[in-house]
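Next up, structure tokens for two forms of one chain, structure 1 and then structure 2.
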Structure 1
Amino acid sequence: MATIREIAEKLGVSISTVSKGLNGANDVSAELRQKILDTAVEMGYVTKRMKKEEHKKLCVFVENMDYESANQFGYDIILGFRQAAYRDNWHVEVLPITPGFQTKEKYDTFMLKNGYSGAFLVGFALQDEWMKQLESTGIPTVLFDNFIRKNPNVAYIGTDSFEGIDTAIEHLTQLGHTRIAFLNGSLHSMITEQRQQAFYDSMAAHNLVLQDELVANGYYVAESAKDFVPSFLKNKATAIVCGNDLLAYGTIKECEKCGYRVPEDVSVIGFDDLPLSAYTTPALTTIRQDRLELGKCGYMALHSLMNHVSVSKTLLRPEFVIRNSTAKAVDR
């Protein structure tokens, strides 16, 4: 656990300033106070007041998602959630969960037994046992990238896939691409299906012919690219849009292995903007999800549900980040 001194050192302010910030004193500006609180959360500092109010607890359940290092997808989502919850004096616990555990213990039981007032679920799959139980839970629950119909206690937050994919296709058509391939994850998740539909819609909106041989579903890992990219290239794709950045990393590598340069011969676009995507060679053009804001949104939605405002869906706008993996289309 971090000390006040460590927070002060990190921010380059005095110990008494940090202490004032943590205690909400008037002579610290609102902006600095927020910075101190956010840093305290990031460094794992726990105030006496929080220790006292330990019954006021929220839980973040994580499945199928890496979140332990700052380079990983889930890290900022969870950090954003904790930072926002901290302002309202919530104690937040983060628990990795397996599908097996979900069959042993009912969701509502687990929540009540452990005294959690609400939860934020990230990385769950449609077929998970708890997802079924969420259709009728009475406990305020927010899902990242999953939607439960008709239960006013459950909300969904995420990034607008349609706008993200559409901006990518628009960018490619402006560069003269018409033979655009789409390498997506496997279709057993709501968000993968959403991105697939977004690709179909956007191709149609740009009057581009959809070719079956240029659409494929692998898994959200770099290795998956080698199963599909050679066939995309053989079928004369000049651009490949990927369902996430990891697939895009693999796609760039696979293009090179097949003797194609990125972006001179083939343009590649990712989805997510992982911290490493600015440092790939070439640096990746990608559809950015602001994960810190997603986490904060997750808390805001949970806060609404706990106050009986039945938010159903909150979407953030993606940001299209143009780097060096896209260029003008070439005739092949």
Structure 2
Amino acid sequence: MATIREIAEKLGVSISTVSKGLNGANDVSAELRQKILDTAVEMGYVTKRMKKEEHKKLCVFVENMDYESANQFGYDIILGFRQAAYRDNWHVEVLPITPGFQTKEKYDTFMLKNGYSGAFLVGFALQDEWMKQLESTGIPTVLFDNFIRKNPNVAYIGTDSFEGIDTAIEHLTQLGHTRIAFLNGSLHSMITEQRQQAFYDSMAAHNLVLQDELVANGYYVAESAKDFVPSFLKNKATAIVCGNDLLAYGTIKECEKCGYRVPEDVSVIGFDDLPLSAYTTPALTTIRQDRLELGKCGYMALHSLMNHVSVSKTLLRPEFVIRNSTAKAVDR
């Protein structure tokens, strides 16, 4: 573990200058402070504040995910993380950030100057600036639904999309469906790509012909369904599997607008099992992610990393929840 003296010697500055830079003093230029922080991170320096029990801090960084109310996807994930961290006397700060913020602030130096011992990142996209920086970070970091290869300081937690999607396709084939459509989110995320591949694999495993006109990528919002569902119905889809519940809500409404009944004419399946999914009309058949347990697993993975146990991937099993939005296929 590096000392302030060693950092000063490497940079050719005084110990007091390094100390001021680490503590954000106004009489050290922004350029020099950044250089001090970068060098401290490189040399593995840990501040005294980070070592003290009363200053044990973790951060949950949130991008592109709603989490402030119980009906929103991220709420239980963050709650579960906080609950698990609380038992070990960690203070958890939740910080929403943007892609622009990531271009202005380096991940490692931001963590160091704010005294965070580790972080949990949710809602990030593959092209985000921090995702590149995580390839070489030395700070314990856990990602939800994203993965960094070959860095022992970064772990991934999520739900097994392959098992979840395969269970949905199995359910539909048992109901006699062969023309199954898949409406997914944007391809700029690892989880979207996984679910899409899971759909392709499961269709092949069940000897079903994959129809290009029955696969589409929009966004993970209900409004996206209107751009693709009419085409699915025109091409005689009898079932539509969606990449999340929001898309499924929109799909049900769009089917009704087009004069099709769910599930009598078209079966619809979601992914996530948001609280509202049990109360839609009809109630949504979906693939459940236990988001509270995902949050707890996020902390457990981070706790392992902070104790020098190099965790790679932790996947929870999904649960298939059958409600009223699926039924036997009809000949159309």
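Just so we're on the same page, residue numbers count up from 1 along structure 1's sequence. Here the structure is a predicted model, which means the values were calculated and not measured. We call the rigid core whatever largest set of C-alpha positions still superposes within 1.5 Å between the two forms.
Participant: Where's the form predicted together with another copy of the chain, in 1 or in 2?
Facilitator: It is structure 1; that copy is the form predicted together with another copy of the chain.
Participant: Fitting the rigid core first, would the Cα of residue 7 be found 2 Å or more away between structure 1 and structure 2?
Facilitator: Shift of 2 Å or more: yes.
Participant: Residue 16: after superposing the rigid core, is there a C-alpha shift of 2 Å or more between structure 1 and structure 2?
Facilitator: Yes, because once the rigid core is superposed, the C-alpha of residue 16 moves 2 Å or more between structure 1 and structure 2.
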